[in-house]
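Below sits a lone chain in structure tokens, taken as the form predicted on its own.
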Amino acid sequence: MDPIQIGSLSVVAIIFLIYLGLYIPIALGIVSFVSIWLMRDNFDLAMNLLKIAISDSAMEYTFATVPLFTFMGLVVSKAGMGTDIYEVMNAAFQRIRGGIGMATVGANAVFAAVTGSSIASASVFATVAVPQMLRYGYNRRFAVGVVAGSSVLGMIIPPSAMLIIYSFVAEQSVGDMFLAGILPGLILAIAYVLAIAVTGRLAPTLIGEVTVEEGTRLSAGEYASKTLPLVLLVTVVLGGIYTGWLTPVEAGAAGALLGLLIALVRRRMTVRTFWEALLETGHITAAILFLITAASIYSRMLGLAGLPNMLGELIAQNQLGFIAIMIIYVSLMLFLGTLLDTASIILIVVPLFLPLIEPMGLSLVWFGIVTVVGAEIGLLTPPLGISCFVIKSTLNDDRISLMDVFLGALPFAMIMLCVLVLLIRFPQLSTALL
């Protein structure tokens, strides 16, 4: 059996096991372990490679960024900062048609720079922004679509768990990945705002009326009290990394501590919520570590099978260029996005294509941004569409079905795809700040 057949069968086997209900990292690990055992007819070799994969994943120093940034995001969310920044954005955009939708996008962009979590963004703004939009005549599908689409900014604008995971797989600097995510995240946010503005002109019935309320106006003191904590947090975390004063791990620790202090000062952190944040951090961290370990043994299996070399030779023989490779890559990510979560997609496809990208002299940091944006489209597409499920379950509104959420998110998924094409065509958009 040649490497192409082994690689193809392994992907098919992984998807089949997942459809049977097997936990994704277990499916990855089982297929990789059995493949190595069958290829080399050596059970001890498979066990030793599994031990090495576990050791390498657990002992990686930069992995400490995952629990630290996760805890910081959970604390910030529980402290109500998402609601605060939404109120600020809503007051700023209230005189513009579609202003509530634009405020949701802007608030999600700022919130993403602190939490790095699409799920947290979807949960917070589903309860805050959707009822407000419905109140002022927004179409229900458009309202949930705005929240679903803008929630993905949490995985692109740093700090982002997906950028951290990619940095492990591709052995890139976490700080470089964070820097590279800024412009693409802002471009996507601007694209969403422009799309809402265009919708307001071409299909005003989807947007409702311009709303100006006394209750939404904020005084200078209110602006300061609602924005300064977030500004301080972003300055310490991202400023510390970009100036070189803090490593990503140290920045994560500083951000977690500062977020906890802000929550305590605002009296929004109790012993119970603190314990809940710790438990949830542990669950998320364990799940990500499990995924990384499984992906590590999977990439070793592919290398042992000789698949990267075989793919390189196949591309050379068929004279496939950069555009053809990227079309295949993006298509594969979009397909897997209907089945798997973002982290799993990254951990499966990156080891397959990384050996093809490196010899072409392309930036692996740029490739990481393309990978994360492409994989994030899966958050908005059925049947998995995690952000859509979170929004539906958070809203608990019988007037809005899961189909409404998916149909509302579809135009924003198309906008993401357009931005992805732009990032592929102009790699400097991802590397300009490096």
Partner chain sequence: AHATETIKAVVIDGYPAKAMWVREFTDFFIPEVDKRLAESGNFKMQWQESYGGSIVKPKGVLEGIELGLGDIGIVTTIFHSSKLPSQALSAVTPFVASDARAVARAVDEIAKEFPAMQREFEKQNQVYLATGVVLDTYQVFSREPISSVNDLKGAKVAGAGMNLRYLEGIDGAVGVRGGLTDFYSMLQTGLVDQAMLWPEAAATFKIAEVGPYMLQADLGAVNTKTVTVNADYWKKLPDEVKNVMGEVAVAYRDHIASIAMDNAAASRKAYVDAGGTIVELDEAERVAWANAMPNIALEWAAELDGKGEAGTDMLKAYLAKLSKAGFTPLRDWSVK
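All values reported here derive from a predicted model rather than from experimental measurement. Residue numbers count along the first chain shown, from 1.
There is another form of the same protein, the form predicted in complex with the partner chain; it is not shown, and what comes next is about it.
- Contact annotation for the candidate site: M326, N396 and F426 all lie away from the partner chain in the predicted complex (no heavy atom within 4.5 Å).
- With the partner chain omitted here, the record of contacts in the predicted complex names 236 to 244 of 182 to 190, 126 to 134, 139 to 147, 236 to 244, defined by a heavy atom within 4.5 Å.
- Only one of Y86, F353, F93, F168 comes within 4.5 Å of the partner chain in the predicted complex through a heavy atom, and that residue is F168.
- Only one of R300, K78, K226, R97 lies close to the partner chain in the predicted complex, with a heavy atom inside 4.5 Å, and it is R300.
- Although the partner is absent from this view, V370 stays clear of the partner chain in the predicted complex, with no non-hydrogen atom inside 4.5 angstroms.
- Interface residue remark: M39 is not counted as part of the site for the partner chain in the predicted complex, having no heavy atom within 4.5 Å.
- For A197, no non-hydrogen atom is located within 4.5 Å of the partner chain in the predicted complex, even though that partner is not displayed.
- In the predicted complex, L402 stays away from the partner chain, with no heavy atom inside 4.5 Å.
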